[in-house]
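Listed next as structure tokens is one chain, alone, in the form predicted alone.
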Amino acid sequence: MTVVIGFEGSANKIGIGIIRDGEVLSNPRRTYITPPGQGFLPSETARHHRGVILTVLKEALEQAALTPADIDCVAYTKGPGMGAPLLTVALVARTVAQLWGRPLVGVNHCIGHVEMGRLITRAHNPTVLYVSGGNTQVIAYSERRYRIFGETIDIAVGNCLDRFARVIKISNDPSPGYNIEQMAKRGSQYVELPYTVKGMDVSFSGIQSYIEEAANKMLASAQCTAEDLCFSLQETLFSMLVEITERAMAHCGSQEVLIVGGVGCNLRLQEMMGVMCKERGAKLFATDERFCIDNGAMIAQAGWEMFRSGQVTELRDSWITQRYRTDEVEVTWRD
């Protein structure tokens, strides 16, 4: 049996998870939460991660009832993500690997999400919609690569939601996206917003700029409520995502959709995607916040796959990168 510990800290969440041959043994996590109206800066986020990472590591080992001697491999997020948090976590992972005398594996963050989704849902060969605060991609596996069929050409969908939350001072606890989702359930009036799909790609910056400018005026004049704006923003963004996902499915002849990434927890997105899948006779796969939101177990799972297929990262190559394309990685663990 192969046991892999995974370190994730590419954004405002620090997580350490342990996987043993497809079984999640532990997956503790901490989130850096800022006051309403504020985002999280790289340096402050890294400081948060430094303050709690050893506590989270201890929790991961205790929950799994393991000791360092039981670990076969140490995996860490190589990128993409925010530079300072990535570096903080990578340094700890490198140190742990050397102290424990274990091999190291650098993992692509997106592939961590995909492999965790495949493990939990048992989806066979799905078209993947990867949606988070920093990434928006439609992906399908082909010839030893996760190919990107469509993506955002500017900001990510999660970033668009987060920035809108800051404009109308929505709480960041537990996350701005979650609070927008709850407010959207109470919205009833649809406010027309720009809808920007360009072939297989999407653009969110125009929608974000438009709603930022219009929000305060519309709220001040009582044309709509904050709940209406949350509802309208979600409906527009998610419709765009469903459209490009369906187009990728048609191109690939796929009958499965897997939603991964932090925004993938959104039940309205899952509902809209489910309607499309039902109309096509396809299956929808998604996970809950334990595995959708950034976590250490997803890095451990991708690291497990990589390690078992013979991939190891030498210490001299164990750097981080803020830009690490999903399709750069050779997928040696799938047929």
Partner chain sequence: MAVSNFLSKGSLLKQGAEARVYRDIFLGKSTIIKERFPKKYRHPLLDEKLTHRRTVQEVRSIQRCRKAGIPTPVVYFVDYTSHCIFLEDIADSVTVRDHIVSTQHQSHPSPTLEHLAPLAVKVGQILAQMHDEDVVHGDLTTSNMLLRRNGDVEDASELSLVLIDFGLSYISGLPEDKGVDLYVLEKAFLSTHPNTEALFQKLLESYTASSKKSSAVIKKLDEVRLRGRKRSMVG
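Note that this is a predicted model, so its numbers are computed, not measured. Numbering follows the first chain given and starts at 1.
If you look for the form predicted together with the partner chain, you will not find it shown, but the lines that follow are about it.
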For this session: Answer with one of Ala165, Ile148, Cys224, Ala123: the residue that has a non-hydrogen atom within 4.5 Å of the partner chain in the predicted bound form.
Result: Ile148
Seminar exercise, completed: Heavy atom within 4.5 Å of the partner chain in the predicted bound form, from candidates Arg47, Arg268, Arg308, Lys283, belongs to Arg268
Problem set entry | the partner chain in the predicted bound form reached by all of Ile53, Arg118 and Gly264, non-hydrogen atom within 4.5 Å | no
For this session: Examine Thr127 and determine whether its closest non-hydrogen atom to the partner chain in the predicted bound form is within 4.5 angstroms.
Result: no
Problem set entry | Interface membership of Lys217, the partner chain in the predicted bound form, 4.5 Å heavy atom rule | no
Exercise. Does any heavy atom of Lys169 come within 4.5 Å of a heavy atom of the partner chain in the predicted bound form?
Worked result: no
Exercise. How about Ser209: is it within 4.5 Å of the partner chain in the predicted bound form, going by heavy atoms?
Worked result: no
Exercise. For the chain shown here without its partner, which stretch in 174 to 182, 239 to 247, 68 to 76, 94 to 102 has non-hydrogen atoms within 4.5 angstroms of the partner chain in the predicted bound form?
Worked result: 239 to 247
Exercise. Since the partner is left out here, which residues of 307 to 328 would have a heavy atom within 4.5 Å of the partner chain in the predicted bound form?
Worked result: Gln322, Arg323, Tyr324, Arg325, Glu328
